[in-house]
Each structure stands twice: as C-alpha cells, then as structure tokens.
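Only one chain is included here, represented as structure tokens and corresponding to the form predicted alone.
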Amino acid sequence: MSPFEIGLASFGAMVVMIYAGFWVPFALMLSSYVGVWAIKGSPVLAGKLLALAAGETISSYFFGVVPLFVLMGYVVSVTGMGRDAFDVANHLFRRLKGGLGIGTVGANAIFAAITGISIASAAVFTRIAVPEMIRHGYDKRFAVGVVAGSSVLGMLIPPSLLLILYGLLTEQSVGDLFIAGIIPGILLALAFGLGIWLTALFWPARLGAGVAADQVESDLSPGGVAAKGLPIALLIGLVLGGIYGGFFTPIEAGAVGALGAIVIGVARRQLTWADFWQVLTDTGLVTAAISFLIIAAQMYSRMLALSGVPAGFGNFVAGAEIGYWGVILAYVALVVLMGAILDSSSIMLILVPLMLPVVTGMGVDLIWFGIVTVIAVEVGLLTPPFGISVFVIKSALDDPGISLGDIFLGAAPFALMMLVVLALVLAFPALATGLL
C-alpha cells in the first residue's frame, strides 16, 4: 500500500473505532501509531515520532491556558456567580414578554464571559433557570430548550475552550481568536433573545400558559443589582480588558482571572476549603482529558502529514473546481452533520488537521475560519443523537417528566438560529475579524 492509501485506511479505522465506542483519544492514537508504523516500516520509529509529537505538544507554553481557564470556570461555578448572573439578567429583562427566557440567555452570555465551559453553563442554569421558568408558567420543553440553546454561548464568547483548542491545533493566536469571538457571540445572544421575544409576542402558547401575563417580579434593589453584578463585571473586565488592552497574554489572563475568581469567592465567603479542593480535582480531571485529546490530535496530524492525505485531498479539491465557497460550504455541512454523532472536540480534532492545508493554500483567514468552525461545531451540541449539552441538562434535571426528546425539540429553534448567525458570519467575515 502507498502512504496515501495507508493514511486513508488509518482514517477509516479511526472513524470505525469511534463509532464502535472507543474513547476518542485512544482511537486517534492507535490509528496514528499503526499508520506511521505501516508507512515507515518500524514500530520503534513510529513510537519515537509520536512520542516526540506528544512531548512538543504538552510542553508548549501556550498549553498553559487550558488548566487556568478551566480552574477559573469551576471557581466561578461553585461561588454562586451563575445564580447572581441569572438574578441580574432576570431583573433587567423582567418587563419584556418572555423576560425570564431572555434573562436566561443574558445570564448565560454573562456566565460565558467568565468561563469557557458550556457544560458548566448547562448544569448551573438547569438547576437555577428551569425551575424558575416552570414556576412562572413556562412550558417545560421551552424552559429546557432555552437553557440548552443558550449554554452553547460558552463555546463562542471568550474565553472559550474550543477556541483555545483550535488555536493550539492551528498555531493561531488565542488572543486574536478570543477577540474575534466577541461580535459573533454577542450576535448569537441577541438572536436568541430576539427569537424568544418574537415568539412570546406572536405565539405565546409556544412558550407556555403563563407567558401571556408575564410580569416577573424582582426583589433586587439598585444596590442589590450592583452587589451581584459588580464582581462579575470586574472579573470580565479583568480578563477580557487585560487581553484586549494588551496588558497581558491569554495565558497570563487565565492566571489573573483564576486568581481574581478565587479572591472574589473568598471575599464573599462563598469558597470553602472543601469547595476549593473539589474545584482543583475537577480542574485536574478536565485538564487531563483535554491533554490527551490535544496530544492525540497532534499524533493524528503527524500521521496525516506523513501519509500525504491532506496534500492529496487539497489536489482533489483543486481538481474538482468547486471553488472557494464550494469548499467552505462543504466543510461547514460536514461539521454540522458530524455533530449528530460526535462531540465538539472530536469533530475539531478530526477535521481541522485534515482541512488546514487545504484552506491555507486557498488563502483563507484562519481566525475567521476558526470562528466559523466553532459556530458549526456548536450546532452539534444541540443535535441528536449525541448533543452533549442535552445529556448534561437531562442528568442535572430533577423532573423525570422531561425526556431527552423534549430537550432536543426545545433546543431545535435555537439550533436554527445558530445556523442563521453562521450564515451571517460566512457572508460578512468582518463580523469575526472587524475588531482585530
């Protein structure tokens, strides 16, 4: 077999292993090792090449951004800032029809700006927002759909673990990716809020029986809003203001943000030693999982490069003459389709190394391409049968009467709105690159 054929066979074997239930990093590592072994003819050489790839990846200075932002996200979650964000957003939007739903979107947007973990958003707001909306007469399906849809904002509004992962895979500036995600993230949150308001205005029955007379009370005084909102605003300003103002790098911003979250939690007496130990444990587990994913992705990239598959794929695309937009739209469609069967990180780990040489040769702006990729991947968080955000919400729910099907159906309108925003970013690249 030629190296190209070996590369294709390794790719196929990896996909089969993932579908068979193998852990994604293991499938990537095993297919990469066997592929390099077959290409070079030496198992020892294959092991050394892949060990070198692993060492270079994990020792990178830029990799330090992962545990720092994960730590900050978990500290924010356990110190009650999620509930504070919901209370503030609920107060601000209380006079609008569908105000609780819009407030949940706003709270998720605020929460996303201080933690890059959409799973954390889904878990926190399932416990906070869903019972509150149901108590005020909202339909259960709509309540869980709002939380599922708006939780994905954490993957786009910086800081975002998916943007960090993309930056590591493509060697792009994580700071530039964070800045590029600001406008699309805000646009997506506005689209969700507008969609809820229009539905409440013209189709209130879709939201629930209690929405027609929706005037949610808020016991927050101006001082209460300031007390709950100021720590969140300070943390957002510290992290994003520091990056955007050029005061420190994204890695340093992660360290400053994590320290700031710890200081705020201690000052408010909401971070106990038991909580802090749990945060450190969870941070270590998530960082280890992400480390394996990134190491496996680099091994997979090296194997693909040795096999010549990306170059062959690029030549095929060039020969097919489908043009620039044909390549981009085909890629987006493939990412969305793969979202139905794979998690977001796995999609990026598989497709980005394969497409990177192709789009680089076409002169595609890799920062814009990263934002497009993340939005397309986010749709997969809401689509059956995998939809990881949906499964997180189901596991966090106390109501057995809400099924997985209800959550998927409730999230479907938000997936459609995400596709609209994706189309806008494709048509107007300045939405992603305008702040750079």
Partner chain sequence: MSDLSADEGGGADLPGWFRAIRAAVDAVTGALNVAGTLLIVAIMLLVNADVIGRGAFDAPISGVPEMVSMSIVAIVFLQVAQTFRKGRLTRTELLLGWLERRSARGRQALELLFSAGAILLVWQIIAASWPLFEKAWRRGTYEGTIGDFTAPIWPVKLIIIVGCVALFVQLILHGLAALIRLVRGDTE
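Rigid core: the largest C-alpha set superposing within 1.5 Å between the two forms. Numbering follows the first chain given and starts at 1. Bear in mind the structure is a predicted one, so any value in this text is a computation, not a measurement.
Heads up, the form predicted together with its partner chain isn't pictured, but that's what we're talking about next.
S.K.: Find the only residue in 328, 358, 182, 286 having a heavy atom within 4.5 Å of its partner chain in the predicted bound form.
M.R.: By the 4.5 Å criterion, the partner-contacting residue is 286.
S.K.: Could you check which residue among 148, 124, 153, 299 gets a heavy atom within 4.5 Å of its partner chain in the predicted bound form?
M.R.: The residue from 148, 124, 153, 299 that makes the contact is 299.
S.K.: Its partner chain in the predicted bound form: within 4.5 Å of a heavy atom of each of 19, 59 and 68?
M.R.: Yes, each of 19, 59 and 68 comes within 4.5 Å of its partner chain in the predicted bound form.
S.K.: Thinking of its partner chain in the predicted bound form, which stretch from 223-231, 89-97, 252-260, 192-200 has heavy atoms inside 4.5 Å of it?
M.R.: Looking at the partner contacts, the answer comes out as 252-260.
S.K.: Although the partner isn't part of this model, could you tell me whether residue 29 comes within 4.5 Å of its partner chain in the predicted bound form, counting any heavy atom of the residue?
M.R.: Yes, residue 29 is a contact residue.
S.K.: Is residue 281 part of the interface with its partner chain in the predicted bound form - any heavy atom within 4.5 Å?
M.R.: Residue-level check for residue 281: yes, a contact with its partner chain.
S.K.: With the partner left out here, check for me: in the predicted bound form, does some heavy atom of residue 364 sit within 4.5 Å of its partner chain?
M.R.: The answer is no: residue 364 has no heavy atom within 4.5 Å of its partner chain.
S.K.: With a cut-off of 4.5 Å between heavy atoms, is residue 271 one of the residues that contacts its partner chain in the predicted bound form?
M.R.: Close contact is absent here: in the predicted bound form, residue 271 is far from its partner chain, nothing within 4.5 Å, heavy atoms only.
S.K.: Does residue 173 count as moved between the shown form and the other one, where moved means a C-alpha shift of 2 angstroms or more after fitting the rigid core?
M.R.: It does not reach a 2 Å shift.
S.K.: Does the distance between the two CA positions of residue 28 reach 2 Å or more between the shown form and the other one, the core being superposed?
M.R.: Yes, the C-alpha position differs by at least 2 Å between the shown form and the other one.
S.K.: Quick one: core overlaid, is residue 203 moving 2 Å or more at the Cα between the shown form and the other one?
M.R.: Residue 203 C-alpha, core-superposed: shift of less than 2 Å.
S.K.: Quick one: with a 3 Å or larger change, is the residue 291 to residue 369 CA distance smaller or larger in the predicted bound form? Answer closer or farther.
M.R.: More distant in the predicted bound form, by 3 Å or more.
S.K.: Where do residue 24 and residue 360 end up in the predicted bound form, Cα atoms closer or farther than shown, with a change of 3 Å or more?
M.R.: Pair moves farther apart in the predicted bound form.
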